[in-house]
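Here we start with a single chain on its own, the form predicted alone, put down as structure tokens.
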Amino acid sequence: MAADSLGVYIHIPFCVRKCAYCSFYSSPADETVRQAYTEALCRDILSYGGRGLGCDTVYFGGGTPTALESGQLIKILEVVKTAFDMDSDAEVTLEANPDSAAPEKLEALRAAGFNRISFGVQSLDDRELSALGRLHDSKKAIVAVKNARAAGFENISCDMMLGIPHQDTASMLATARGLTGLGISHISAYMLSVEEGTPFFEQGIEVDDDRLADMYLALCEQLGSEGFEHYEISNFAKQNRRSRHNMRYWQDREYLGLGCRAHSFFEDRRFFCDEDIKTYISSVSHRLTVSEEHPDRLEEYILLGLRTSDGISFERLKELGADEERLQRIRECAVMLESHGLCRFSGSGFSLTEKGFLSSNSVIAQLELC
């Protein structure tokens, strides 16, 4: 892997229908709009060509990337290969919904070089899926995973959600066991958050934090017993199956986001494309809105590093500018957190426990004040 290799994120902002909990930018679109967006995206990608940039991960996210035709997705990937020097063992991830993952589509995408797929399953309980507004049922989700395996995908991830209306710990664990029983290598488990502007918000859906905490700890125990490493707050992986692309975010390494509303950390700047779909398609060059020219690397290291089981090291804190006085305050804080079961402290650094992950926002805020 080249020292200057990037992660490349490709944003596909289309969904057949927004789910009741979703606050991400996405929109339905007809065939003409999808094709025009594909062409604009390819122009955007090619604008980075000729700069000798390496690439070791590519991630197609959304929205629903599989709302595009397989030929469109394959064309975009080929353009990425043209613009960037892609490693031979690059991780190429595609987010997919079970309702838009036909066997022939999966086969074509795998043959074209997509080697990791992440299904938005959320639950294997049909009542819970209906409450979320998903287009698939549990049988369709199971078939989609099996079809991906048959198409040659060995690295399969599934999303599941905690705190769904009608869900209890037993039904949540049944979903977890059902997914692991399919032989998948990765699970992303997200706690339901009700955001303003979503149907759930308008319906007055409320989240019970205590119930969520109980579910989360039960899931951690269940997946741990089945050989899944809990390597990030919301992510669990079999051996050597961490999401390499997402690890870039948490390790504060550079990535380039392409497509409307995509975010980047590139050349020591954080920025995002603030264009909507229509403007993005019509733009000759995509103007990037800078959100933070030069991020505080020390604070970001604390914020991002403590999301992972790897945690943070005092040596790296020192490299990023922490003086001895601050390092001592952080050590004392870590010892205090350990006494409450919120972190694991060693002489070289510390990481949060699963109980600490549940309180990560307040723990990190406390450390930033040290």
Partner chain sequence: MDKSKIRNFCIIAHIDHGKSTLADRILELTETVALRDMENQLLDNMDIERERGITIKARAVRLNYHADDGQDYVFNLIDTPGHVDFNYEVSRSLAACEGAILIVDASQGIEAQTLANTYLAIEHDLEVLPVVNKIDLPGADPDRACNEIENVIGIPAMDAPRISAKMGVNIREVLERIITDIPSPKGDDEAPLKALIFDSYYDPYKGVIIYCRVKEGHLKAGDTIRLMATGAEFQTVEVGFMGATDLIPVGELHAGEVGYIAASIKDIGDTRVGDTVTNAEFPCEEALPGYKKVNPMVYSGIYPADGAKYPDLRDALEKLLLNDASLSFEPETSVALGFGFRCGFLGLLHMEIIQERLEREYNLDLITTAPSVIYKVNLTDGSTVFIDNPTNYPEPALIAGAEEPVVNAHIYTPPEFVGNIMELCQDRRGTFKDMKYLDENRVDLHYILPLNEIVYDFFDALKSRTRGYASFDYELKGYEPSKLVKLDVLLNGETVDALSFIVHVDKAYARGRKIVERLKENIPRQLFEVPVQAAIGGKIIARETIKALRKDVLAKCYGGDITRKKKLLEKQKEGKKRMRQLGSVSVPQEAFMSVLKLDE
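This is a predicted model, so every value here is computed, not measured. Positions refer to the first chain, counted from 1.
Keep in mind that the form predicted in complex with its partner chain is missing from the display, and what follows is about it.
- Taken together, the three residues 217, 249 and 358 all come within 4.5 Å of its partner chain in the model of the complex, as judged by their closest heavy atom.
- With the partner removed from view, the residue among 299, 254, 276, 221 that has a non-hydrogen atom within 4.5 Å of its partner chain in the model of the complex turns out to be 299.
- Out of the listed residues 53, 42, 67, 337, 337 is the one that sits within 4.5 Å of its partner chain in the model of the complex by at least one heavy atom.
- Mapping the unseen interface onto this chain, residue 362 counts among the residues with a heavy atom inside 4.5 Å of its partner chain in the model of the complex.
- Contact check for residue 317: no non-hydrogen atom falls within 4.5 Å of its partner chain in the model of the complex.
- Not displayed here, its partner chain is approached by residue 307 to within 4.5 Å at the level of heavy atoms in the model of the complex.
- Looking at residue 9, you'd find a heavy atom of it within 4.5 angstroms of its partner chain in the model of the complex.
- Across the options 204-212, 143-151, 77-85, 221-229, residues that bring heavy atoms within 4.5 Å of its partner chain in the model of the complex belong to 204-212.
- Taking its partner chain as it sits in the model of the complex, the stretch 220-236 comes within 4.5 angstroms of it through a non-hydrogen atom at 233, 234.
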